[in-house]
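In structure tokens, one chain follows: the form predicted on its own.
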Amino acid sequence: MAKYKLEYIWIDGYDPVPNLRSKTRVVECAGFPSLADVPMWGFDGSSTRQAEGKSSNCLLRPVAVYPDAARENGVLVLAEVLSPDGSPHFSNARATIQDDPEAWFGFEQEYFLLKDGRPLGFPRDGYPEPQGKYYAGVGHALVGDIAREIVEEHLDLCLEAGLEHEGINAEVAKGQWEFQIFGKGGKNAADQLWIARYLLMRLCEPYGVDVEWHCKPLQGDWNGSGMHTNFSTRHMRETGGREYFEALMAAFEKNRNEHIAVYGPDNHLRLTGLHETQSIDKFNYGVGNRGASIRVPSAFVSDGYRGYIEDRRPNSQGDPYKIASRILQTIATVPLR
């Protein structure tokens, strides 16, 4: 029997931006633990804004396990938070998803890497050259110190954990990067994104680097950070059609406020109509239009309005559980044609 280090990872009760929390439990197991092998656990909810001190017990129910390549016999245990009676906790956005395993999601997570409060590659005083060369940039002058090392190591950790990590690239602003996560089903995709976020934040600790998830950490003529959300259902992939697509877009427009409400805080700072965004108070869609609320790939149209589309409004601090849940709710209002 080997001893395994189970790192329980959960989302706390801070609002509007929850934080990741984790703690380790050591258990004996004959082999790599399956989800069924991982026990429920508890934590002090009064320290995470999830309970009062006079009744502070909260429960952690494991929902997914992944290998942790950074630790010997390490296991990443994603857990959702339950109240003491076993019901979903008020902070448990995962429990709100009316899931569809045939709904596919792809999250494009943008972020900044900061050292001593400044993006990697920024001079000590002032600013670097204006953005233009940094997107998918190559070379120290464009990438800066240690950034490439961090994002490459993060990619390896995600792949070794079995995440459906689909790629990385330097983004438009200096010190800004992106990774992409795919999943079948809203819960599955969001689970993986939270684990990928956790791995990146933990990886950056020994580098003395912070991950900045805020959607607009740099004011002025710099791109903000989004979490563009690509999605499709089986009906969209196999049947589609222009009539159904237009009805779907009408539903997204009708529910514009409900989407914006869960697409991440401070989005008004990012969705200005500039820097490849549509204004927060407007809704539109367009083929290949990166300044639209919904970008429609040209291949989607040429294939008879079938495939996936991209909602460009979610921001980098958004909770993927809430984003997937809202998208699925809106899709469910549109009759199949």
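Quantities reported herein were computed from a predicted structural model and do not represent experimental measurements. Counting begins at 1, following the sequence as shown.
This protein has a second form, the form predicted in complex with a small molecule, left out of what is shown; the following refers to that one.
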{"property": "Site check E166, F182 and F231: each within 4.5 Å of the small molecule in the predicted complex by heavy atom", "result": "yes"}
{"property": "Listed residue (G106, G144, P128, P217) with a non-hydrogen atom within 4.5 angstroms of the small molecule in the predicted complex", "result": "G106"}
{"property": "Of R118, R242, R71, R237, the one that lies within 4.5 Å of the small molecule in the predicted complex (heavy atoms)", "result": "R237"}
{"property": "Interface segment, criterion being heavy atoms within 4.5 Å of the small molecule in the predicted complex, picked from 83-91, 153-161, 244-252, 97-105", "result": "97-105"}
{"property": "The small molecule contact in the predicted complex: E310, any heavy atom under 4.5 Å", "result": "yes"}
{"property": "R295 within 4.5 Å of the small molecule in the predicted complex, heavy atoms", "result": "yes"}
{"property": "Contact label in the predicted complex: D191 to the small molecule, heavy atom within 4.5 Å", "result": "no"}
{"property": "The small molecule contact at K282 in the predicted complex, heavy atom, 4.5 Å", "result": "no"}
